[in-house]
Ligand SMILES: NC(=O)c1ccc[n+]([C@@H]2O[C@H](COP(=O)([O-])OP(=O)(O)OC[C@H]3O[C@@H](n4cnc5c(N)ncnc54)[C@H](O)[C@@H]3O)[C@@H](O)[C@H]2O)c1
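Next up is one chain by itself, shown in structure tokens, the form predicted alone.
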Amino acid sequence: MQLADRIIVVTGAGRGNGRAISERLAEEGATVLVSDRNAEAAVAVTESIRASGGSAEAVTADVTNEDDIIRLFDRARELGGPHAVVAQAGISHNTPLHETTLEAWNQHIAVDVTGTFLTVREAVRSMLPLGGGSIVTMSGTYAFQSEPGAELHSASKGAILSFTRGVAVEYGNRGIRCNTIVPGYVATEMVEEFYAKLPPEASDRINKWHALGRIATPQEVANLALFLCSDQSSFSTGSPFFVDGGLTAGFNSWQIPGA
């Protein structure tokens, strides 16, 4: 097993990518601290991992609450870690800019950007005495290209990308690696909720935006997280790792009728 005897923290682990990542890391021998602000969801994921023979512990924490994040990492240190951290908690926002409230902006930045900052800061503080570790953040294709209604996503995912690079540069000589995952659309509950607001044919069009003609599964994102948490990525830091099915590679003109 690639992650035997390692303690790994995953935030936003109650569903979607976070759940898949937690389960995949546990499959490879890690003890996963399954963190989510939804206590029931965190417990459900933890019980699922244990039922499959893995090791996990649920920790209720809101990534926007500094005390919660400090408490989460206190527990990781009690267990002897963390050896890796996946800071992937995030929220969705799909409203035209002129209809976006300051409250919505502040909430989005609080979860995506401030939540990542607090998690990564505590990860660094915890890893320095251990001699290093791997930190994985969650950016997105919106850091590289946008679409209507995605201005908040573009701002937050771009900030996470730049923040990740800064952490990598500052702490690389102390054994801490920091990389970011860049997913396209992924078949999570969050995306399904977004699809439900769109016309029925919209999901097929979105599939075709990706060169592979489909969106990702959470398990495909989890496989990349496993690579970045493991020693297999030992010379990778400060880098965006795309799992976007070719979404940012170019425009798929074949989807246009008659093209």
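What you are looking at is a predicted structure, and each value in this text was computed from that prediction instead of being measured. Residue numbers run from 1 along the displayed sequence.
FYI, the form predicted in complex with the ligand isn't displayed, but the following is about it.
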With the partner left out here, check for me: in the model of the complex, does some heavy atom of V136 sit within 4.5 Å of the ligand?
no
Do V111 and the ligand come within 4.5 Å of each other in the model of the complex, heavy atoms counted?
yes
Just to confirm, A30 within 4.5 Å of the ligand in the model of the complex by heavy atoms?
no
Is there a non-hydrogen atom of C229 within 4.5 angstroms of a non-hydrogen atom of the ligand in the model of the complex?
no
Have a look at A168, L152, V186, L161 for me and say which one sits with a heavy atom within 4.5 Å of the ligand in the model of the complex.
V186
Stretch in contact, per heavy atom within 4.5 angstroms of the ligand in the model of the complex, of 196 to 204, 63 to 71, 22 to 30, 49 to 57
63 to 71
Across 156 to 179, the residues having a non-hydrogen atom within 4.5 Å of the ligand in the model of the complex turn out to be K157
